[in-house]
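This document starts with two versions of one protein chain, written out as structure tokens and named structure 1 and structure 2.
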Structure 1
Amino acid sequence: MMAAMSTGGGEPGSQAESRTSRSPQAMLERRYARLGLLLIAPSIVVFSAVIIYPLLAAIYLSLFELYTPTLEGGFVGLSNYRELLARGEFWVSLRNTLVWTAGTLSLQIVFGIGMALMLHQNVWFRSLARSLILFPYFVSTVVAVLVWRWLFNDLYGILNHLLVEARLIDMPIDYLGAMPNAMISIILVGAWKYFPFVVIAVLARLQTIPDVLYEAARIDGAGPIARFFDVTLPQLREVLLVIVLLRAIWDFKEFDLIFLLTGGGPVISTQTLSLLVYKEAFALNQMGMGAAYGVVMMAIMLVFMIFYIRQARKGDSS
């Protein structure tokens, strides 16, 4: 009898669960879930094809000693990484990459914020200037490099010509063929090419800062400099965190601008890790070693991103 009662008592619950699972709301939720999976499936496929597969392939190739034209070779395990870390060229290229990234990023932030503050003021040429400021960012890198190589040329460059005519220098300066001129030159060109990105982001944030904050600061007797550090800069903090993260990643892996300007020269004085990857994989035909350099670049950027995000979170919590 007890078994019958327990069996009989269980049936209504199971029937209720069955009716709940078959209710129109539950069926609609399942349809929405299937529709959501169907809609994000193309994105997952594209993400896997352009990011996950190349990443895994690079890690796999870095474990082999491969000849680039035929991709023939043998498994060497971590030998590529041991050899990589023992090479002085790697450390020189890493140092150059860090100098280039820190230098051009700093100039982009400084000039970008300064230009955004100027374009935020009520000046008569503001609309035209906002349009022209995007020119360096939109112009092709090849075209920009050709123009700058002409400006920097030590024989017929307009820059040397003007400096000599103004009697500021006695002899033409070799901007791209000697150090530290070459590193300074590519940093300046990189800052000029990419600082409009900072201008756009900062200017968009400036337009959303309430005027009440500035009025309160004026009432308290704050001058322009104090208003910038006490009002503007704290309001720009979040957008600057994103800008620094994105620009650091993009500048760290910059290839075409440096390759076209100096090719890594003189010797390897401006050779960055991106140029070293290209050199190993396609100039020396060592695809395995080139892949190992690429994996190390990714690891360095991953460490930087983790450290930067943690510091940003500490700043937000404080």
Structure 2
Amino acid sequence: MMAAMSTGGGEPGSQAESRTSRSPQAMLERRYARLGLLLIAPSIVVFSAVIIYPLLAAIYLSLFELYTPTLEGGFVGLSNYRELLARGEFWVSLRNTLVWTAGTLSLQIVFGIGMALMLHQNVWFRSLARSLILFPYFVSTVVAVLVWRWLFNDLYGILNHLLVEARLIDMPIDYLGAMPNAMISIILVGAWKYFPFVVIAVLARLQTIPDVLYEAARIDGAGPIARFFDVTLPQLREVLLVIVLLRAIWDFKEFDLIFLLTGGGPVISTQTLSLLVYKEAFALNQMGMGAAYGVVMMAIMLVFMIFYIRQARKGDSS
């Protein structure tokens, strides 16, 4: 009876047991397994219809030359891939994607850890401060972009006004229409929008570091900086790895923020792979070529994804 009840539990032996015996417990186990499958069935159906099928269809589409509005065209095999690797635009977009990801991710991590360390201390109105910090993360990208485009406005934007007042610049800056400003601007706005995620995750981990460790370090004569490097950072190592992987994946595939801030411009200077897929499929109406870009993009992401999933699996089993 006990074995049957721990079906959902963690008894490693219970499964093997059920296969060999024909006892009532074993039958109950089999019934439960069937019920379990029945309960997950709706999820599997939805997954297959809206994720697995489209994923496979995207790979299939990448072998065709298709005109999006009419869906006319034919099978071309791997020629889309040959063409895209030969195109300069693909390599430019890949480089942009890497610059954007590396830039915004490192800022997110640095600001995120810094802010988490500050908010971990006893600050006046701490919960209000935390809520204010979190807000950029929850607000819609559309709202974030509208606000920043207003701040960046060349004639009436407050940013240019303040910088001119402070005599840091003579002429208003064109934040989004010139390079390298446009890339720097999207990296900064991306950091502003997504660093709260790092804050939350690090803050949650900081709260579980035992005080004894700090006391021991203090007795050993370690100052605040030494304590950070000897106690805090090693304790954060694991969570930071997960954060970096997750954010790298999300930043790599970011579409909304860049599309709405610069649209990939000037020309294609801030065009990332996500934007390239969209442009090819829906602006240039080359559905097959767009799919091919998408597949290549996913192949690159797969490296991070597999790494992350392995990491998550480790955390899951412990």
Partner chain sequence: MMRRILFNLSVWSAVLIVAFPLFWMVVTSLKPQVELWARPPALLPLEPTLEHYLTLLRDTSFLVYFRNSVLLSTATTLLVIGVAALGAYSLVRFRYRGRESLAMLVLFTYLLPSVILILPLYLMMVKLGLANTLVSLVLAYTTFALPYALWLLRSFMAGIPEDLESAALVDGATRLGAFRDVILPQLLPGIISTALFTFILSWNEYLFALVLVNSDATRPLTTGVMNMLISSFNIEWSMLMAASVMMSLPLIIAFSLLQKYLTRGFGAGAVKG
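Each form is matched to the other, and the largest set of C-alpha atoms that superpose within 1.5 Å is called the rigid core. Just so it is clear, the model here is predicted, and its values are computed rather than measured. For residue numbers, the reference is structure 1: its sequence is counted from 1.
- Note that the form predicted in complex with the partner chain is the one shown as structure 2, not structure 1.
- Remark: with the core as the superposition reference, the CA shift of Ala299 between structures 1 and 2 stays below 2 Å.
- In the core-aligned comparison between structures 1 and 2, the Cα atom of Ile309 sits 7.7 Å away from its counterpart.
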